[in-house]
Every structure is written in structure tokens, then in C-alpha cells.
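Quick heads-up: it's one chain on its own, the form predicted alone, in C-alpha cells.
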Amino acid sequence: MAVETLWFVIVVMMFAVYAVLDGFDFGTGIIYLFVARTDEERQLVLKAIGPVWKGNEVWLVAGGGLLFLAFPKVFAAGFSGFYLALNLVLWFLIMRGLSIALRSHLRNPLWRTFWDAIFSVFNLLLAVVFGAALGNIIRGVPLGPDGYFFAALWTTFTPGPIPGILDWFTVFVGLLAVAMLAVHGANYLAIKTDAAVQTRARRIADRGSWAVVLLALMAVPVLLFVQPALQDGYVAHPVGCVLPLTVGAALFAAQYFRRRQRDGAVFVSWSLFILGSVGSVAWGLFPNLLIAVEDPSSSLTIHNSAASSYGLRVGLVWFGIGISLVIGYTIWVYVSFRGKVEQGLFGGPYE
């Protein structure tokens, strides 16, 4: 395997794992106001994600850093072209953290209700923006011959030669992301809570999963309509068909285990569904990283945007050391805080 291909796999895996780990944090926030109806229940939900949500964000930072290391031209083009969207992501992440911390400063019901609403709304917006970002990568961007572009928030609201960040396709992908992560968060809460919160989480996961199945079935022809090149990767390398098959099998397994109320197995199955979905898209796009909508020859690929071979090989050594620390810390946190959360288990901003 060429070193550029290996780094493509590494970068995709970093963002895919982030989608799974911080994805259930987003999902918990999306359903927060519905699954928890009293202040005590909302404290419980926040305690379920409290020990892990900051650590989960490390995977996003690490993924961005590795993208810069391996494919600096893509990093530069993406951060310049999506400048507005990335600033929105930054503020949404800040507001999510502030909402958790500030709600505990006063015990006034109105104060806490306000910050609870902020927490839920900004988790919803983050899911939409990250989904729309994936939609932009699939659809393509107005890359020029110099490898740079600028994308307005919206233009004609349709995919075309000068697309905006938001159009009907990217909004559709954003809504699919919201549905997927809402169910993911509900599956997580079904593991970490009990009583009324667990019952509501299971109900949301059960109903939401059917919405995801419907949207996912709609997504297949829509993706091929907007970006026909997605099928090229599968034509060239048919072994990649195992990824969409994994997506279907994971959905089936999640429904099977849900009927038997095996919450842990449902969560694992849904995590595989998310990983398989990201992997399926990446397989179709390979070797492209940013597709130029006007002139495909201007697209940034793993070949024309990669760092030097020497740098990539040295980077593999440091990546091995760094990822070992991240994985070790992640495992330690999840093992340390395994089991269901209880009132009063943690102190700090979750009370």
C-alpha cells in the first residue's frame, strides 16, 4: 500500500471514530429536552456524557492535525474555502461547552432552562453543519486551478458550478446526520441510564431508527445523482462493496437487538453503521479529497496534495506513538466510568 493511501485511510478513520464518539454527545444534546423532563433527569443525562465529551473532541483535533500533516494543500484549501462554516463550528462547540458549565451557576429554573435550550440547539446545529460539510465533500467545491476556492453560505441553493455551503443536497445530508446521531445518542442513554429516561431513550431510538432507514434508502440514489463519480471507486475496486453491506447488516443487527432490549449490542451495531457509512463514502471518493465541480482536473487528490514521502513516513512513527496514547486514555476513561450513572455521582458543572 502506498504511503499516501495509508494516510488517506488514517485520516478517514480518525474522523469516522470522531463521528462515533462525539456523535453520541451530539445525539444526546439533540434529544436532551425530550428525553429528560425534570432538572434531576437533565443532570443525569449531562452526567452520562460528562466524563467523556471533552476527550471525544480530541479525535476531531487529532484528525485535523493529521490532515495538515499528510495533505497540507487540502487543509489549506478547506480552511480558506470553508472559513465561515469553520468559524460557526468553533462557536457552536464553545456554546455547547458553556451551556454545560453555566447552567450550574444558578439554581434558578429559568436560568437552567435557558442553558438547557442552548445546549440542545447548538448540538443540533453542530450535527447539521458537520453533515453539510460531508455533503460538500461529496458534491464537490468550486476549486480553481490554484487549488483554492471560496464558498458562500448559499448561492442558488442547488448543486451547480458555483455552489454554496448550503443547498438542498447538503441540507439533506445534514438532516440525515441529525437523525443518525439522535438515534446514536438515544442508544447511548439507554445504556447509561434507567427508569423513565431509559424508557424514553429506547422509544426515541426505536422510532428514530425507522426514520434513518427511510432517509438512508433515499440517500443512495440522491448521492449517485449529485456525484456519479462515487460509483467509480466500487467499479475499480469491487472489494469495497463490503462496506455498504456492513452498513445494511449493522442496521439489521441494531433492529434485531433492539427488539430484545440488548442496549449494549444496539449501541455497538449503530456505531458500526456510522463507521460503515463514512467508510462507504470515502471508498467511493478515493483517491479524491476535494472534488472540483467545474474542472475535475483541478481536484485535490492524495497524489497531488500529499506531503513529501519522507515526511509521511516519519509522520507514521509519531502517529503510532500519539494514537497509542489517545487510544489508551480513551479506553481508560470509558472503563473507569462504565455502568449506569446515578444522581450525585459526579460533582462540578453537571449538578
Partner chain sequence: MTSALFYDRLQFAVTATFHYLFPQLTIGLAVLIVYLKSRAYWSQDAHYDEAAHFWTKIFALSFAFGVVTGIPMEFQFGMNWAKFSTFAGGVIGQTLAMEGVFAFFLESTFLGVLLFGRKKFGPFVQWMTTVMLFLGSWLSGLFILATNAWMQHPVAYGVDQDGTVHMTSLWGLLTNPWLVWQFTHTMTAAVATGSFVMASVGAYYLLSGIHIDAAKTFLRTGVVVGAIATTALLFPTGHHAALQVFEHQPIKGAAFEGLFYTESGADLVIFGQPNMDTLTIDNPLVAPKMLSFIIHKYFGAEIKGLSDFPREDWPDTMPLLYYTYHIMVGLGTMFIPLMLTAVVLLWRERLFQARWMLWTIMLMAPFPYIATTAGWMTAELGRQPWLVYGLFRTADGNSPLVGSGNVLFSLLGFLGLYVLLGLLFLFLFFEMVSRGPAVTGGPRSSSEPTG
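No experiment lies behind these values; they were computed from the predicted model shown. Residue numbers count along the first chain shown, from 1.
In what follows, reference is made to the form predicted in complex with the partner chain, a form of this protein that is not presented.
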- Item | Heavy atom of Asn288 within 4.5 Å of the partner chain in the model of the complex | no
- Message: Within 4.5 Å, heavy atoms only: does Val268 come near the partner chain in the model of the complex?
- Response: no
- Task: Find out whether any non-hydrogen atom of Arg203 is located within 4.5 angstroms of the partner chain in the model of the complex, and reply yes or no.
- Result: no
- Does the partner chain come within 4.5 Å of any heavy atom of Glu294 in the model of the complex? no
- State yes only if every one of Gly50, Leu106 and Phe319 has a non-hydrogen atom within 4.5 Å of the partner chain in the model of the complex; otherwise state no. yes
- Message: Within 4.5 Å, heavy atoms only, one stretch in 164-172, 195-203, 257-265, 109-117 touches the partner chain in the model of the complex. Which?
- Response: 109-117
- Note on the structure: Among Ala236, Val220, Cys241, Leu98, just one has a heavy atom within 4.5 Å of the partner chain in the model of the complex, namely Leu98
- Note on the structure: The one residue among Ala133, Leu86, Val226, Ala211 placing a heavy atom within 4.5 Å of the partner chain in the model of the complex is Leu86
- Item | Residues of stretch 145-167 in contact with the partner chain in the model of the complex (4.5 Å, non-hydrogen atom) | Tyr148, Phe149, Phe150
